[in-house]
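The chain below stands alone and is given in structure tokens; this is the form predicted alone.
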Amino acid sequence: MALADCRRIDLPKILDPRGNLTFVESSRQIPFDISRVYYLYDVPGGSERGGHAHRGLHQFVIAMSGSFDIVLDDGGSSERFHLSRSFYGLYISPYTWRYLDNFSSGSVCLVLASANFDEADYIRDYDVFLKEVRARELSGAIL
């Protein structure tokens, strides 16, 4: 299942009294090449972001500042992850429904993506997501 592929990944942390450094390199710390980078910020208290899945996109999400939660769902089970530090992130595989909530004041969510924006890759209706997941399971597609 897709949820089994999702995981927290610790990033390299170089400690220095002048300030620490962390980096991400395509296909080294994360399991894909980075094609797009975007970030969420100034999210009003009580708001949710996300609420969709992707058919082919891989993502890696980092809390650059503050904290927030990500709830992942593969159509069979769900799990909540709390991100609060910039030296680790959450890898999200395709066919994983996700939404983000519980944003702290001043939080910044950085997302590294495996492809450029493509509306056709989005599944924005949860019932459609469930149907596609079931169809993939019946066809024996690798999740």
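Position 1 is the first residue in the sequence shown; the rest follow in order. Bear in mind that the values here come from a model prediction, so they are computed numbers and not experimental data.
There is another form of the same protein, the form predicted together with another copy of the chain; it is not shown, and what comes next is about it.
Chemist: Is there any non-hydrogen atom of Arg85 lying within 4.5 Å of another copy of the chain in the predicted bound form?
Modeler: Heavy-atom contact with another copy of the chain at 4.5 Å: present for Arg85.
Chemist: With heavy atoms only and a cut-off of 4.5 Å, decide whether Ser26 touches another copy of the chain in the predicted bound form.
Modeler: Yes, Ser26 sits close enough to another copy of the chain in the predicted bound form that at least one of its heavy atoms falls within 4.5 Å.
Chemist: Can any non-hydrogen atom of Arg49 be found within 4.5 angstroms of another copy of the chain in the predicted bound form?
Modeler: Close contact exists here: in the predicted bound form, Arg49 approaches another copy of the chain to within 4.5 Å, heavy atoms only.
Chemist: Heavy atoms within 4.5 Å of another copy of the chain in the predicted bound form: does Asp16 have any?
Modeler: So Asp16 counts as contacting another copy of the chain.
Chemist: Using heavy atoms and a 4.5 Å cut-off, decide whether Asn20, Ile34 and Ile62 all contact another copy of the chain in the predicted bound form.
Modeler: Answer is yes for this spot.
Chemist: Within 90-116, which residues come within 4.5 Å of another copy of the chain in the predicted bound form, counting heavy atoms only?
Modeler: Stretch hits, in order: Val108, Leu110, Leu112, Asn116.
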